[in-house]
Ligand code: LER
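The chain that follows stands alone, in the form predicted alone, written as structure tokens.
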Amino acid sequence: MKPCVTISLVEEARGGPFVYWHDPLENAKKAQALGFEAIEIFPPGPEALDASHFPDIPALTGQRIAAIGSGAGWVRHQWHLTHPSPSIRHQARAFIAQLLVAAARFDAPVIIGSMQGRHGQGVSKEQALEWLGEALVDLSKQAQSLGTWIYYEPLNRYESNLLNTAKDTVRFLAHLDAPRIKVLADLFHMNIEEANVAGALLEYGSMLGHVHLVDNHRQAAGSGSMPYSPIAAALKHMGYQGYLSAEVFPLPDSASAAARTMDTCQRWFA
């Protein structure tokens, strides 16, 4: 398992759960000095990843781009894949599709978290899941053509009312013709929704593609009450070799949050 850290480039998300903010190359170097071999980027849009704006971090530091977040489509524009408006659903899908193309420069998967949306406003849960499934199938085909992946992130009930648990997520994805979709397991969301976080990770099995390593209060892993021993045991039992990415509040500051995360990685997940 490989340690990873988040860098947000989205000013509208200022104060959110990201370790570093702006200046991706400088912050990647700071993370590298602590031992992080990859970074996860939260960009404002696909144009931000263009070579004229975004440095070639893999070439400059040797670090991988572990994943690209799509949440700015929601934060900046309020687009999502299950919105009542067909035009907004179309814009949401197009935004993710454009991110897939931009992220392919780094062979990086794209995360669908907040842009999955929710049911309500006259949209039934059944209809919302139908639209979500259609979008995931279509985007999976594009990811396959680019040779990359999409990471679907189940959220807690306060952020989405579609798929909150491993059981529901596995059942839903298993019936889609979307072979380029894997699951992003965020321990913060799981701590709210799952009776047993380690057991839920085992339910994902081969669907698991990425993990957000975080503590129960959305701060750096190791600073709260999350029990990491059974979580680490479950991931090792599964043979998980992916990234453990710190999507956490930079408290008390970025350097401290990154260092605490690395300590926890080395203690439990090495």
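Here the structure is a predicted model, which is why all the values come from computation and not from measurement. Numbering starts at 1 and runs along the sequence shown.
We do not show the form predicted together with ligand LER, though everything after this point is about it.
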Every residue of L25, E37 and R64 near ligand LER in the model of the complex, heavy atom within 4.5 Å: no
Is there a heavy atom of H83 no more than 4.5 Å from a heavy atom of ligand LER in the model of the complex? no
Quick check on E194: any heavy atom within 4.5 Å of ligand LER in the model of the complex? no
My question is simply whether K30 lines the interface with ligand LER in the model of the complex - judged by any non-hydrogen atom within 4.5 Å. no
Within 4.5 Å, heavy atoms only: does R218 come near ligand LER in the model of the complex? yes
Identify, from the list L129, I88, L155, L146, the residue with a heavy atom within 4.5 Å of ligand LER in the model of the complex. L155
To test your reading of this chain, name the stretch in 88 to 96, 147 to 155, 174 to 182, 120 to 128 whose heavy atoms come within 4.5 Å of ligand LER in the model of the complex. 147 to 155
Contacts with ligand LER in the model of the complex, stretch 120 to 148 (heavy atom within 4.5 Å): none
